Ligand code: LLP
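Okay, here we've got a single chain as structure tokens, the form predicted alone, with questions on binding and movement later.
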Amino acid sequence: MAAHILKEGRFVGALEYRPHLAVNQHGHLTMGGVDLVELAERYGTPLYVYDEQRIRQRYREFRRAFSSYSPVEVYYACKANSALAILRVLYEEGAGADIVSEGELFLALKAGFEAEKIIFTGNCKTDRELEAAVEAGVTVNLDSLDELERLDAIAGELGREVRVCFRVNPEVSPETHPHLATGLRESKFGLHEKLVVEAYRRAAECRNLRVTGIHMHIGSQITSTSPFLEAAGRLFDIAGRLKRELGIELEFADLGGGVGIRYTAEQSFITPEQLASEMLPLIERKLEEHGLGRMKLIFEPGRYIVGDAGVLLTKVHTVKETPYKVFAGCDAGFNLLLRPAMYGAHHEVVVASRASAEPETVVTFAGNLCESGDILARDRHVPAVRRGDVVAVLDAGAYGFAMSSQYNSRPRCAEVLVKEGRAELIRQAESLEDLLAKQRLPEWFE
């Protein structure tokens, strides 16, 4: 079914569950009350566009779902989209920040996040990153005993006490793409259960560290509640062991993120309300079972908050008919949206410049990189595509620009934020000169 079909006064198909998208009187796709074709003309393509109100709405949905428990916090997973303007939106909403690099620490602080509401996760932090975390005063989520020793030494040299927790690997299959699974037995992330008690014992003995919590994150784009429930049960059982065997009473349990979004009409999905209705009773039982008291809960959604709030606009520059397929050659490739090539991910596409037209042909939307795998969308039933059409790749707000590159020496595109009919540039497009930034020729060439 086409993304734009209007039936009995309502949209069905892709727009049915994306209320921030619509079609205006010109037949153009709109988002946040802004004509996306006009934006493409104003700022050029490719172009990322995000809807501020949709981001706020999704954050509030997630926060509200777990509000029956107290205390609870939502920490935005900055790796999903670290644009400064988007971080500022989440800061204004009261979110904390889940970060995984010195760069994300820098951006989170610039956006206004307080150190007390930042958790620095990551599986291979450098000494420089640990030093930056200590100086900033954020909580460090430790991933290994090696990291524990290095952090204690760095904190001692700086004369600072650091709040720490450990990332635990619950050895649970999240039933998602293998590249998105982080809680499997063979995963590189976190401490396996047999090492956890020893790790907390050693951390408690460190003079420069203060043990405050426990953390897990089993993966991304998860569309079933069962992996979350299994992992949460194991996490609180471990917290119970820490209290019984070491006398450690933790302040918080961070249950990570991973709630998937609906990329297609047919895809199964869960809502935060569904997850909360099943997870909170389980947590309450575990807290009582182990005498853990009222631990603070932290959740780290990223994709759920920003995923469907963004679109990638790209222009068709060539239409190529072969005996087997019709290709629409676009000015965006996996240098700007890696997910289809990396994960085989499906993104709905809408011919934004003729969004009210009936579908009549099957088209494959190809990127402009010299790679066979550079396909944005395969075999889509759309209106006849013409050179000059603006195409919107939907649900590109998470892991889109954040994973972009300058591959094939193509500068990265601009980003725009829209809000209730207004639009503003939040990142300028790179120029050809930006390809030379930080480069230099050796002296012998001079």
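When you see a residue number, it is the position in the sequence shown, counting from 1. Bear in mind that the values here come from a model prediction, so they are computed numbers and not experimental data.
The protein also exists as the form predicted in complex with this ligand; that form is not presented, and the subsequent description refers to it.
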Open item on the list: Looking at Pro170, Gly96, Gly302, Pro272 here, can you tell me which has any non-hydrogen atom within 4.5 angstroms of this ligand in the predicted bound form?
Closed with: Gly302
Task: Contact residue in the predicted bound form, chosen from Lys315, His215, Lys286, Lys125 - any heavy atom within 4.5 Å of this ligand - done: His215
Open item on the list: Please pick out the stretch from 203 to 211, 242 to 250, 151 to 159, 73 to 81 that is in contact with this ligand in the predicted bound form, where contact means heavy atoms within 4.5 Å.
Closed with: 73 to 81
Open item on the list: What I'd like checked is whether Gly257, Tyr343 and Tyr399 together line this ligand in the predicted bound form, meaning each has a non-hydrogen atom within 4.5 Å of it.
Closed with: yes
Open item on the list: So in the predicted bound form, is this ligand close enough to Ala384 to count as touching (4.5 Å, heavy atoms)?
Closed with: no
Open item on the list: With the partner left out here, check for me: in the predicted bound form, does some heavy atom of Arg354 sit within 4.5 Å of this ligand?
Closed with: no
TODO: Examine Thr139 and determine whether its closest non-hydrogen atom to this ligand in the predicted bound form is within 4.5 angstroms.
DONE: no
TODO: Please check if Asn335 has a heavy atom lying within 4.5 Å of any heavy atom of this ligand in the predicted bound form.
DONE: no
